[in-house]
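Read the single chain below, which is given as structure tokens and is the form predicted on its own.
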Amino acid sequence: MLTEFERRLIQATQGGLPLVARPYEVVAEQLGCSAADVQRSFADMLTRGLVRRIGAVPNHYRLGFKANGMTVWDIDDAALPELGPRIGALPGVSHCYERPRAPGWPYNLFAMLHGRSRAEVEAQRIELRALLGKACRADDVLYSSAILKKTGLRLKDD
């Protein structure tokens, strides 16, 4: 759970830190505290797992990674605990989730792949299929065609 200060700190920085030499001082001034308070609170939230990391977020489209495919996999449920983390550890996978199957939708593993072309994504998909082996019963890929919104979770004002 967030303290009121932590909530205000996340709201002040969720769009990014100011691009200045001393960003924590700018944030501290906005919040009426010291830069040490900001750093200490971030360190504590990192330790508690409330914040995963503080760093640059590259724009993969501008870096040339314009082929983005959400691959979906029908994996033997017994094999998923072992194979899911292995898929998630592959360098081309940015998101990897286990999700429940639905009527007419047999897929239980989702892995987002990125490449400069669909051919690159398809090559990664072949690699994934080989890694999954006989545990994979079916797969498909859904390619992005336009970005309608792309952001992390944003905390709203109460």
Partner chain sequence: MAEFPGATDLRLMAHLHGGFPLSDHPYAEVGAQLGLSESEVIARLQRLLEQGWLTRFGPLFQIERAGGQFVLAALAVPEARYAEVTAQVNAHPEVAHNYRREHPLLNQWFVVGASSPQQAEACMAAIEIETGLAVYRFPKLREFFVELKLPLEQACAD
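Positions refer to the first chain, counted from 1. Everything quoted here is computed from the prediction, not taken from an experiment.
Below, we turn to the form predicted in complex with its partner chain, even though it does not appear here.
The shortest heavy atom separation between residue 32 and its partner chain in the predicted bound form exceeds 4.5 Å. Within this chain, residue 43 lines the site of its partner chain in the predicted bound form, having a heavy atom no more than 4.5 Å away. Interface residue remark: residue 10 is counted as part of the site for its partner chain in the predicted bound form, having a heavy atom within 4.5 Å. By the criterion of a heavy atom within 4.5 Å, residue 112 is counted among the residues contacting its partner chain in the predicted bound form. In sequence order, 7, 10, 13, 14, 15, 16, 17, 18, 19, 20, 21, 22, 23, 24 are the residues of 4-25 having a heavy atom within 4.5 Å of its partner chain in the predicted bound form; the partner itself is omitted from this view.
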